[in-house]
Each structure stands twice: as C-alpha cells, then as structure tokens.
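As structure tokens, one chain now follows by itself in the form predicted alone.
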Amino acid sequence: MSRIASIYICQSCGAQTRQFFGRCPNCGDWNSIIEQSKSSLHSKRKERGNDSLEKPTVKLSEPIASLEEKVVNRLTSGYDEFDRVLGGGLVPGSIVLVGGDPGIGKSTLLLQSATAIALKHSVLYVSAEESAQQVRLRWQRLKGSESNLQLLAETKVDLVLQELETLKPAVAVIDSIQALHDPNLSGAPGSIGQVRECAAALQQLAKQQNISLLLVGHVTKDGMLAGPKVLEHLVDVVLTFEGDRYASHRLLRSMKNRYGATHELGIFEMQGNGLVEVKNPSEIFLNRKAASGIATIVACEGNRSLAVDVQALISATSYTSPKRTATGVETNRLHQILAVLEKQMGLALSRHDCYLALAGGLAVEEPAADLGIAAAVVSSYRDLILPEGTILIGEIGLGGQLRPVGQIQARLQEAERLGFQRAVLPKGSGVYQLKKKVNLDIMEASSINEALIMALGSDPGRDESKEPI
C-alpha cells in the first residue's frame, strides 16, 4: 500500500515544513507543529473550489428562535457519581475524554459503566491496548453480568469505524485513543497526527450516528493530557481521574463540560471487585479528633459541598531559608497567607518551617479556604486547639481583611448535616437570612485577627514569650 505524503503545519503561524520540528522555525513556538495528510489538504481545497463553482448560492442558516426544541434523554452510566460529573448522564452524540495516570482505574471505571449501560442499551467496547481475553479476565474479576456488551480488540481506526457503522451502538468506549492508528498516515500510534486524525474520524461518525463516545486518554509526566491540544477542544467533556495508586479513593473531576457544570466532583473507592461509589464523601476528609494545627473548611466542587480538615505543622528552623510544603493547596497561596499573618498579627513565621496538607488527598483551589488555612497555621504556631464543631470560611485580602465567598448557604447546610455547631464567616455574608435556613451559631468577622479571636476564644496575636530569641 502506498503511503500518502504528509506535511507538517504550525498551529500558531500556519508555516508548513516537510519534516517535524519541536520548535517552529518560523515563529519559534514549541510543540506547535502537527502532521497533516498532504492529499487530504489538496482534496479539501479542490472540493471547496468545485462546490463554489458548480453549486448555486443557497441560504443555509435559519433564525435561532425558529429552531424546534428537542428533549434530550440522557443515558445513565450506572453510577450516580459518574452521572453527577457528566451533568446528569451521557448525552447522545457526545464525546467524553477520560484521562488519568497509568493504573489509576480509567479502564476499570469505563468497563464497569459499559457493563451497566449494556443492560438496557447496545454498547461496543473497543480495546486497542489489551487482547479480548485480557479484557474478559478483568470483566470476570469485576463480576460483570450477562448483557448486550460487544467487545472488539482492534487498533486500526478503519475497522473500528466499520464496526461502529455496522453495529450502531448507543455507547462506544475506545480504550485508548493513543493506541489507534490510521495506516494511511505516517507516524507511530500516539503521534500528534495519528491522534488528531483518528479522533476527528471517530467524532464525525459519532455525531452522524448519535453515538455517545467515551475515549480513554493518556497523560504526560506533568499530568497533562497527552496528544495535541485540539483533542481537548474536539470533545464535549473532559474528565480527569485522580488519586494515589497506593490509596483506595479516586476522584473523578470535570474539567470541561458542554452539557453540565465544570469542576464537578465524583468520589469512588477502589475495592477488590472494582470501583464503588462513596455516598458520604465528607467523612473521608474529616478527622473528628481535636488537636492543634487542625481547622475545618467547607469547599465547593461544582455543585457539591465537602467538609475538609486542613492540617498545619509549624516548627522552628535553624536554617536561613525556612521550608514551605503544601499538599492540596497552591504553594504561592500559602506563601501569601503566611505573609499576611506575619504582617498583620506579628507572628514570626519567617523563622519557622511550615507544612500544610488537606486530608484525603483533595486539592482545593478556591480562595474560600484561606481562613481555614490561616486558622490551622496559627493553631499550630500557638499550640492551641480550635473548639470542636467549628468551621471557618472566607477569603483573606493582603491587608488582612475578609471577603465573602459564593455558595455560602450550600456550605453551611453541609456543615449542619455533618453535625457542626459554629461557623465563622466574613462580614457581608447575609447572616440574618442564613440563620433562618440553617441551625448554626454564625459569627461574622471583618479581619483575620477578629475571626481568629472568635474561633479560638483568645487573641492569638503577638506573644513575646513564644518568639524565638
């Protein structure tokens, strides 16, 4: 079979070359050059030119208000946590990309979900990395039941497309997109050109046949989805499967969703018979033991509120540069909070090492965790224990002032459900209205110092007896 000639095009400036470069020789951008079939470019241009000459000009658009509204019936994945992250289930004709570290459980999740969906709908599972027998062994370990689940072990995208056209399933799983290849293109499976062309061909067929397509994607050593960035723009939903391979809990997070909320979170636990949903995830992130250096926050992930323990350890250092380590919180955010505490409260934190971690391996990016982080740091520095049943919510400004945060009612309702009695909030959070809806002792503070006095019951400010000589 004769190969089709390929050229390489820079996605930043459009420059064309005959070979691949890591850096574009024209504009200087790195990793912006992708492979393109030369014949397909010529054929597209020819077809476009012929169409413009032969076909008369016809209006194809129509007023958006005149379009008929159609009810979309989502397909349930068999798991409430998976459906939550998807926005209520799989939309027919949608493309979902699931990425994560090797061995984290991507194939396990999708095989379990495909088995559950196949009880009511036809499902095709395409294994491009494992043989059919290997998939069946995993399916038996997961205690898969008899269902309308079809299995195809194939790496050629042409044969996969042919099977999809013949079977016309409601849902198709491709494990993985980096393992498929098009024989008409040069380059090994997983290369930029192969991934882009294979994904585009699958996407086109899925939209035509109204097939819900689930793609497994590899990640790089930096944790980013491997392959061209156009792959993430091509799909409708991008999900990441996170967690420690040596721990049991897994987090399914939505990074992009055209049919639901982004940054939605689903929590699973890996057991011997596969992944199991966690119905009360806040219990995972709470210690329930009083100790210095521990404060409780309520973080919002999409539409879900989670109570999480923030743990801090402050210890004097004999080195010139103190060590700062943060797990689950951005390190620069920790540096900023430490600087505010030192400036506004007179704490000599520049002479202490600081270690901060969020329980359960959860990562929180929102600024609503600032007050809880500050309380945990001061609690460890002063060796004080925060009163049991207290949560702290608020954003800290550079001047030590507190700012209100969003979704405050949902946060307080989750705290009340878990048995908390007190909440320290920034002023302007609408306490009068909140007290009508939640049964909590709510206190408002305008500054970090005032909030910590309310939480600790004493002034945790400058104490010369605690300062190192």
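Remember, predicted model here, so these are calculated numbers, not experimental data. All residue numbers are counted from 1 along the displayed sequence.
Just so it is clear, the following notes concern the form predicted in complex with a small molecule, a form of the same protein that is not shown.
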query	finding
Residues Asp101, Ser107 and Asn273 all lining the small molecule in the model of the complex, heavy atom within 4.5 Å	yes
Among the candidates Ala200, Leu142, Val278, Leu151, the residue which, in the model of the complex, approaches the small molecule to within 4.5 Å (heavy atoms)	Leu142
Partner-contacting position among Arg138, Lys207, Arg351, Arg324 - heavy atom within 4.5 Å of the small molecule in the model of the complex	Arg138
Answer range among 162 to 170, 264 to 272, 338 to 346, 376 to 384 for contact with the small molecule, defined in the model of the complex as heavy atoms within 4.5 Å	264 to 272
